[in-house]
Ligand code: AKB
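The chain below stands alone and is given as structure tokens, in the form predicted alone.
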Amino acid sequence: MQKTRIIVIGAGGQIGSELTPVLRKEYGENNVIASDIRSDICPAVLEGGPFELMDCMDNQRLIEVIIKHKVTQIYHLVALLSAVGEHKPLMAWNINVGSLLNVLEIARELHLSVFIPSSIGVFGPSTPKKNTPQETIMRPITIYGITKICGEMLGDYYFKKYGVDTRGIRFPGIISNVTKPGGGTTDYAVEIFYDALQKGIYTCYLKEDTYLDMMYMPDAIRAAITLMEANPKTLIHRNAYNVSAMSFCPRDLAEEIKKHIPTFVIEYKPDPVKQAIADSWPDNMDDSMAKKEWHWHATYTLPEMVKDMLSTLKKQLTQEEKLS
């Protein structure tokens, strides 16, 4: 049986910087290759196993790296996020769709499996906001959402036409204690912790009652790996599964933080662009298909996530102060 050898493309990003070490722990550090267009990334990713400096838009370089390391599985995590994409729509299209097409073509030629992350960004104002179904109306208002729908459909196309083993997840907003916000609409749910600890006050760019589906990074990582390890015979909705963990608004999150930092204050100054994007996304998704087809279940609740985030970031910030 062929040994699983994985390449994580975009390993320096929000998901990749935490997914890569977990994959190396599970599959062996030499069997998980990290790649990114930059080398100034998380030291744990850069130094914890093989690393390739690579632009995934460069087809020839991508093929060379995959063949060199005898790769069998690709986690393709490269994307320009929602808020940034609205300022650079053409770049978002070229990166989000162009790089995926490169990966899918190579996967077709070399018989590789591919993980393609999608997002709640694929949904739009006409989508049911509560308990959003696996299959429903998808009319996004952002270039990010449009590119993610294309990604889902391309994954389906390459599976049905060429037999490429493509799999994907519609991630909600992801909360990380490792990487700082990178231009997503849900990034307030990370920014708020830094400001709570460092300033005691946070100005939120969304209205206080804006509910969004959210997930703590450990659950997001586990979801991706569990799906890629699932029996392909059980997978019907391959690209892409709704997954859900918790739904809250800025007011809910602030109140939970106040249980640990009673003096914390939150203010609201909604940004019209980000607010419009958030208003077009679901409050929470129905993830019953993921539960049924590959036994998905979330671990972290809102109180558990807040407690862990504050504890972890407090230690990190204290350590940074000592080193500065």
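Start at 1 with the first residue shown and count on from there. For clarity, every value in this text was computed on a predicted model and none was experimentally measured.
Unshown form predicted together with this ligand; subsequent notes refer to it.
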Might I149 be said to contact this ligand in the model of the complex, defining contact as any heavy atom within 4.5 Å?
no
Answer with yes or no whether N242 is in contact with this ligand in the model of the complex, where contact means some heavy atom within 4.5 Å.
no
Can you tell me if T186 lies within 4.5 angstroms of this ligand in the model of the complex, counting non-hydrogen atoms only?
yes
Given that this ligand is not shown alongside this chain, does F171 nevertheless sit within 4.5 Å of it in the model of the complex, heavy atom to heavy atom?
yes
If we take heavy atoms and a 4.5 Å cut-off, which stretch out of 124-132, 80-88, 95-103, 189-197 is in contact with this ligand in the model of the complex?
80-88
With the partner omitted here, the residue among Y144, Y216, F115, Y158 that in the model of the complex has a heavy atom within 4.5 Å of this ligand is Y144
If we check this ligand in the model of the complex, which of the residues in 281-317 reach within 4.5 angstroms of it by a non-hydrogen atom?
W281
